[in-house]
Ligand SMILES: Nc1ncnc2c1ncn2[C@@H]1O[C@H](COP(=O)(O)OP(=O)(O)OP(=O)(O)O)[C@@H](O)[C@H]1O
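What follows is one chain in structure tokens, specifically the form predicted alone.
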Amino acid sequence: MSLIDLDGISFRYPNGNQVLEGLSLCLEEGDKIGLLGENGTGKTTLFHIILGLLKPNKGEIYIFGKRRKTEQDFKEIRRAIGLLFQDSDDQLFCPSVIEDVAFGPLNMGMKHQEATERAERTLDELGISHLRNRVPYQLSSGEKRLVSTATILSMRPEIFLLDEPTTGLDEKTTDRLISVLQNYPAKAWIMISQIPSVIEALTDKCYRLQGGRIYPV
């Protein structure tokens, strides 16, 4: 059974911009897919459709073997799929870093102490424990990127959708993040990146989104 199966997905924005047209994609357990494409080709849109944040004009979405169409359908799978947004400011909204990272586990029903302990471990894994009490909006772009990643990791998702995960990171920090992801027991992931070394390290197959559809690279 495929984890994610997209069949004939088309999407047009209200301004008439058609970004996806008959796109099909299958994500199976063990897949680590890299997604390439020019800006504006619909890569981020595709992630938002998978999670039900946008609704396609045509096509069907199957996740964990079940057709997903209604908001309730997507609510069931959002805990299992971690989306790292392209813009970190869209992901961070709490008064402190530790609260942002603990928010997901708390929302999943964990007790406060357990959620905080998991958040602490996640920050430590990424080497950013020193940011624990910082105000997120005052962080540098690279620090925000790591904290955003921590908010996803702390929820222990089965699948990752990673939108430019290394944006704003220096080489040393990028290497650390790559190591963390390589050792994380995810079932599969799709990653958008324009950096060849990151694609090589974190994916085993690559596609290009062009003209509304994806093609093997």
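This one's a predicted model, so the numbers in the text were calculated from it and none came from an experiment. Throughout, we count residues from 1 along the sequence that is shown.
Unshown form predicted in complex with the named molecule; subsequent notes refer to it.
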Legend entry - Contact check for 95, 133 and 137 against the named molecule in the model of the complex, heavy atom at 4.5 Å: no
Inset, instruction - Tell me the stretch among 66-74, 35-43, 146-154, 170-178 that has any heavy atom within 4.5 angstroms of the named molecule in the model of the complex. - result: 35-43
Inset, instruction - Evaluate residue 199 for contact with the named molecule in the model of the complex, applying a 4.5 angstroms cut-off between non-hydrogen atoms, and reply yes or no. - result: no
Inset, instruction - Answer for residue 17 alone: is it within 4.5 Å of the named molecule in the model of the complex, judged on heavy atom distances? - result: yes
Legend entry - Contact flag, residue 116 vs the named molecule in the model of the complex, heavy atom cut 4.5 Å: no
Inset, instruction - May I ask you to check whether residue 24 falls inside a 4.5 Å heavy atom distance of the named molecule in the model of the complex? - result: no
Inset, instruction - Any residue of 53-79 with a heavy atom within 4.5 Å of the named molecule in the model of the complex counts; write them all down in order. - result: none
